[in-house]
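Shown next as structure tokens: one chain only, the form predicted on its own.
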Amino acid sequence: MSTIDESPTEIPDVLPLIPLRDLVLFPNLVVPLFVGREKSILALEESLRGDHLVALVLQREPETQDPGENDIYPVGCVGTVLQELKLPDGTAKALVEGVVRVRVLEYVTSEPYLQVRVERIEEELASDVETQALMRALLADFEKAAELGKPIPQEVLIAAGAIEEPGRLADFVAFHLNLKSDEKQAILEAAKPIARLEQASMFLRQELQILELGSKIQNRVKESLNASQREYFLREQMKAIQQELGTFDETQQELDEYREKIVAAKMPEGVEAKAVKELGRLEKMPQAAAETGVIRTYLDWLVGVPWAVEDDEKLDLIEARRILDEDHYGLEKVKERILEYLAVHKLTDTMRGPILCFVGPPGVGKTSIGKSIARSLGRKFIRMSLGGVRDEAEIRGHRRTYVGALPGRIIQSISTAGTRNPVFMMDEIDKVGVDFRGDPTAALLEALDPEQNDSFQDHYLEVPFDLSDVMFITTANMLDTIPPALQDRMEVIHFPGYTEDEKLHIARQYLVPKQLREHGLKTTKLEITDEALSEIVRRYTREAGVRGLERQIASICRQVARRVVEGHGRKTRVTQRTVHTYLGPARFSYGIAEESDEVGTATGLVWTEVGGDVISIEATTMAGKGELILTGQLGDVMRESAQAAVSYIRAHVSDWDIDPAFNEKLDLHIHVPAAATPKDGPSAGITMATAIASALMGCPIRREVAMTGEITLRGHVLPIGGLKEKLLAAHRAGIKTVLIPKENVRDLDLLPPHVRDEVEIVPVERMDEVLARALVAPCRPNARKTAK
């Protein structure tokens, strides 16, 4: 350790330089200095070998490890090293006293330490009246800062009051203020004392404003705490007095619990005011009054609603796609639309979008895909069945004036879930009924409207609840019974029925493993072949979904489980031949191609809710007076198609070998088999026309040709629906050629590739093309007449 006794007054021209990271040294002030860089330690040691003087200048960026000429401010302070102590880690600690301001003129050398040529900055000692006023104002503000909580010791205030030089006072105040390094440097560089005083006063005034604002905030918090503490103290006193008097009961404790629950629920301001008001009514009301039970129930519901509780969702589209594929086979269009919906939600971070409405036949996965969406979002899933709901109060709740009043099922479900942003599925929205108690679908208009459901009003709560973060999904089997106003608020996504191939994949990948788990079986005990599954799909179920298929698989699993328990340890293998031993005789048959070419029998393709099928439409003639007989439970549209087909044939008898007066001599009878099943639609028009033409000409129809399309009086073939299902049924039945309307060619993209390869699909525009393809060669229309 080295020390000196007196500060020198003469400053050498060349001094060693120590750059300072975040410290500004002022003249006449003593500060501790920690030196760690190698060059700085060498400069400190050099000063101790000489007159103990060193130049201390602030560097511009504290992070600079080896500052150069451009990294250091031009003005600094010469310091006298009073003490120096070596530390064990190789660094040094020094006690330095500022002597005089200096300006760096030139950097003499940079190795092994920095040496600079400096120039002393002379101080002005004279002071006028303005300077004295600035000094007094600065001292007053300095004392006020200490009163407002600035950590300034009393001895520092006394020392500041004893300073008479204006420049020195400015340096002293600036040193003891919590200023940034560049602000202190600005005061250090100010040559005139009055300029230094002004800058120090400005910085001190800014600090005072911050201190005054903090003091106001602290006072407000203190007053609030004092009021809460006072209320708590008075209540505890009241409780103690009641206990001493023997009048204390659980009523006050219950009221206190309600207050705590209201605060913990973090309700919106208006809702909390309503809850506090009801609690005040309960407090003033006699406990024997009948109204107290109503108010308690109301408060229980109000504090139980998750006003501020929500699930933290982690939306990853890749993971969402994996979950959808894992839970459901097929439904590609549906999955793509759902992923688009989730992508928009991720970008906008809001659920304000169209309400999704899944429409399709039963058992195709509408409800289960809603659960998959909730799982991919990390949200809770709520399912509310609307089937049979006829009372509007089921949706919006009852007024509290009714006995046994409750909130609506929307608020009840959200309260049960315990979160304000679940995935909310409203099942069977097309089954909602209407009677004298109101229209529940009208009550759903506000809940399912993204533009106004942020303030959904339940009749029981009588306060708005924000439903905008809830992801609503509705399901329906058909759209006809849903009011147009409600349909307008939803985006409809159609779920097609599963094809036979899709059912086979679903059974193999999902249903069979699921039923094996549920029945305690393993693959070593039971195997169901793909041929057996196809047999079950074709002959034991007739549905669009897979519920019936799952029940049949479960029936097989139950029988095998019984055999295992009874001690039959061998593996059971169910094949196409052995299915009937478990499920009994086949329940259904599917259409197959005719065995031979027949007159008056045309093969048509139909679509039902359970998929496509092949039917044979029969036409025959008999002696009569031109009457048209239609049988097979045909609807109005199908009857009109038959009449249009007859009119077309009558108008074109000259093109074919048909008696022009057949309508006066013969009766026509058209029959569509499966007479117990109602049928309707225009797509059998060309099939009936072909059957009629065949019967009138006595010409057989090719058995390997099937057809579908609507006919006009001019013989044009118009497009139809359900083409994918119809072509799959034709492929299953062994049909080789299918005639379709030319405008339906765009729908062929939905067809599996193997069906397009194995079935010849012929687009047709006119009826004469249909007859040319369908009738055997000797009976085809005359080419010349057809062209004419």
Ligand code: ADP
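Start at 1 with the first residue shown and count on from there. Here the structure is a predicted model, which means the values were calculated and not measured.
Although it is not shown, the form predicted together with the ligand is what the next lines describe.
Check for me whether the ligand, as it appears in the predicted complex, comes within 4.5 angstroms of all of L504, T575 and R732 - heavy atoms only. No, the candidate spot makes no contact with the ligand.
Consider the chain as shown here, without its partner, and state which of L188, M490, I410, L331 has a heavy atom within 4.5 Å of the ligand in the predicted complex. Only one listed residue qualifies here, and that residue is L331.
Could you check which residue among R379, R396, K366, R196 gets a heavy atom within 4.5 Å of the ligand in the predicted complex? Of the listed residues, the single hit is K366.
Specify the contacting stretch among 683 to 691, 411 to 419, 356 to 364, 442 to 450, defined as having any heavy atom within 4.5 Å of the ligand in the predicted complex. It is the stretch 356 to 364.
Would R714 show up as a contact with the ligand in the predicted complex if we use heavy atoms at 4.5 Å? Judged by the heavy-atom cut-off of 4.5 Å, R714 is well away from the ligand in the predicted complex.
So in the predicted complex, does D327 come within 4.5 Å of the ligand, heavy atom to heavy atom? Flag for D327 set to yes.
Any of the heavy atoms of R547 lying within 4.5 Å of the ligand in the predicted complex? Answer yes; at least one heavy atom of R547 falls within 4.5 Å of the ligand in the predicted complex.
Is K514 near the ligand? Define near as a heavy atom within 4.5 Å, in the predicted complex. K514 belongs to the contact set for the ligand.
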